[in-house]
Every structure is written in C-alpha cells, then in structure tokens.
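The chain below stands alone, shown as structure tokens; this is the form predicted on its own.
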Amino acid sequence: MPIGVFDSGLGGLTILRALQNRLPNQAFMYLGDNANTPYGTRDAYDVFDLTTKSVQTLFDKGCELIILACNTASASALHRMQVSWLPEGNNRVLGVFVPMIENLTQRDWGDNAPPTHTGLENVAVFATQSTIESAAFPREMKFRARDVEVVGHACDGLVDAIEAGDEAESTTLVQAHVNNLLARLPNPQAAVLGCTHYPIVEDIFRAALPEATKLLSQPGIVADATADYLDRHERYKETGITQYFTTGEIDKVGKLAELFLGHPADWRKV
C-alpha cells in the first residue's frame, strides 16, 4: 500500500521530496487539489469538505496512511477528521504540525504528561491567513509546553509569488513579513515556516531573521517523523514508485511542479 501525501496544491511536494529522500524505496501517492487551491483563504468548513473528499480519493486508491502535507488542512480539518470522520479500520491520517511541536519541545506526541517548562519561551510562526486564524499551533503547543509566547504572522501574497517563480517579489515579501513580525517580537527564540511552500524561500527567511533565531522548516522534520512512525507501524511500509495525481489541469500543474520537485513527473487527473 502506498503512503498518501495530500496538499491543496503544490507546496506539499516539498514534503514529498523529503520523504522520497528519507525513504527512497517507499511507495507514495501524491494528490494535489489544484482545482480548488488555495485553501489558505477559505473558511474551516470549506477546508474540511475539500480535504475529506481528497483523502477519501486516496483511501479509495489503496492508501491506508495519509499525510496532510498542508498546514491549512492540518490546522482546520485534521482534528475533526480524526474524531468524527475517519472510517473504522486501519486507515490513519497524520498532519505536519505535530512533528514541529515535538521538535520544539523535545517531547513525544504520545507523552500525555502535563505541560512543563521546556526552555522554549517564544516562537514565531509564518503561515497562511487560515492557518494563523485557526490558532491550531498555539493550542497544540499548550498541550506540551508552559508559558510559551506564540506570535503568528500571515504571509499574504507569498504563495502566489513562489508559484510564479518570482524570486524578486518573494524576497521583497519575505523581508516585509519578517520585519512586520520582528516589530512585535524582536528576538524570536525560534521561527517555524508553517506553510509547505515556504521551504522554497527558506534561505531568504534565514537571512531576514536574527542570527540567533532557530529556524524550523517542515520537510526534513516531517520526513524523519514519518520514518520513525513507519518503524513503529511496519504494516504501512511498501516498496514501489511515486504516483502523481491532481484535480487541476495536468499541463499547468506539471510545469509548476518542477519548481518544487526539481524534475518532471507523470501527472494524472482525478
């Protein structure tokens, strides 16, 4: 059974690429809902409906483990899916927030002890408007760590600039968004890139942030967490290739996807 990787569009390909590097023999199935992207400006009800539809498509194609490589879906839909939507059986859906919080707090997600002081005092989160408005990151952080100030900032326009391949505009936007956040939190102890598009411009974030700020980008962290999960749940392991699916226009998606994958891929429409 391949592992499903879902995103509202193309950003999740940064997660997929890291997974492929970390688990080179694992079979994957990627689905981008490019016909309905972006999710970052949609309300929680739309995000839930669209996410469950695509996740069901991956279930129907034989995936039993699916990674929501989309921060908006993880923030707005995952908890409701796990509590009231997932069908009975061995199907599982994981998000991309948990590995980041595990890394920041150095606590395993299965650790249900009361929150403690972990040495983390504040963290900046750069994400889409919908992810920031969901308050999912600070909510989940409170389950693990005490007295951590979470300052979120919505990076309006950045996803569009990245997908357009506009490096100059991306640089201008990153610098403006970082400066806006630093006006509120001058010396963030850590900063999280809470959108799977942002690793494409990670170096620009790094240059704009204070040198002492620890910068966390999701692909490598999520890939390591997935590898650890598979070691504990070997039934989801399967050798094979990666298959690419989209709800959008194949030619357009294929061309844009090369920016994230670094190579062409054979896309099919669902």
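Counting begins at 1, following the sequence as shown. Values in this document were obtained by computation on a predicted structure and should not be read as measured data.
Although it is not shown, the form predicted in complex with a small molecule is what the next lines describe.
With the small molecule left out of view, the stretch that reaches within 4.5 Å of it through heavy atoms in the predicted bound form is, among 169 to 177, 134 to 142, 77 to 85, 189 to 197, 189 to 197.
Residue in contact with the small molecule in the predicted bound form (any heavy atom within 4.5 Å), chosen from V148, A124, V159, L104: V159. Contact between Y39 and the small molecule in the predicted bound form is found at the 4.5 Å heavy atom cutoff.
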